[in-house]
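Only one chain is given next, in structure tokens, and it is the form predicted on its own.
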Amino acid sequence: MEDEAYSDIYGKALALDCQSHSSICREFTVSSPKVSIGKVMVYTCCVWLLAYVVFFFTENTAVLSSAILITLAGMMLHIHFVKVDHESLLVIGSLGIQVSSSYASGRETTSFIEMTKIKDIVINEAIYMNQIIYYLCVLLKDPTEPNAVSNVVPLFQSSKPRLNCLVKVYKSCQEILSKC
């Protein structure tokens, strides 16, 4: 496969790894850059410096203790619940689609959508912060109305890759869906 540079909607570099396990089974992994230690140190120093300035004028040691605890708790919460290292999409033609997210803390979330519930995989567009972005989503069949869509499941929600990355994943997914 040719190496192409991918980025997210903010212009930060992303990596797309495509693995073909068989003709009807492919896995796509979008990886974000790791947490920058320098950026974390800058934020921590700013909060602690601000706390020290407040301490200097108030002479209240609870300010420093609170700043340290809030900073540490904030970093832990960010790493465990917000910062996604990589998102994976496993498409198995006869079974369905598995969507996984791995967080910086090591926590993983996984969901599975059966092939019988999938109507199609499409690239949709949305307005986000005064710009038009594209996202890949799975359209789920409505159980009562076979031609209707009951739900839309967006993919790669944290990494938000740009259109060139989404098109590559989309074409490969359509290729697998057409064989089923």
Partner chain sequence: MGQRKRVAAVSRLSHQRVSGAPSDAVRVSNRKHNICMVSDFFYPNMGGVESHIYQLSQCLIEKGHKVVIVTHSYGTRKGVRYLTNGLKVYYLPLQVMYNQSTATTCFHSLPLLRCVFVRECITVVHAHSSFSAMAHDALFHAKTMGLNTVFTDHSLFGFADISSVLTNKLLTVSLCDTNHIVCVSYTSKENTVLRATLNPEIVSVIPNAVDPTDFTPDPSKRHDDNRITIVVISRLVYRKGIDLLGGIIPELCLKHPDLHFLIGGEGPKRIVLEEVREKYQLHDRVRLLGALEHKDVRDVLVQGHIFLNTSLTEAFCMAIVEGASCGLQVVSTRVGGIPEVLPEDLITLCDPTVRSLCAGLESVIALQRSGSVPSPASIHARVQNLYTWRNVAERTEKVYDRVVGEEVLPLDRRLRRLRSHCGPVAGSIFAFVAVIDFLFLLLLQWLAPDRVMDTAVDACGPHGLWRPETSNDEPDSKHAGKRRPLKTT
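Positions refer to the first chain, counted from 1. Source: prediction; values computed, not measured.
We do not show the form predicted in complex with the partner chain, though everything after this point is about it.
At least one heavy atom of Ile123 is located within 4.5 Å of the partner chain in the predicted bound form.
Though the partner is left out of this view, Ile9 does reach within 4.5 Å of the partner chain in the predicted bound form, counting heavy atoms only. Although the partner is absent here, Asn130 is a contact residue: one of its heavy atoms lies within 4.5 angstroms of the partner chain in the predicted bound form. The shortest heavy atom separation between Leu163 and the partner chain in the predicted bound form is within 4.5 Å. The partner is not drawn, yet in the predicted bound form one stretch among 55-63, 115-123, 150-158, 25-33 has residues with heavy atoms inside 4.5 Å of the partner chain: 115-123. For the marked spot (Tyr134, Gln174 and Leu177), a heavy atom within 4.5 Å of the partner chain in the predicted bound form is present in each of the three residues.
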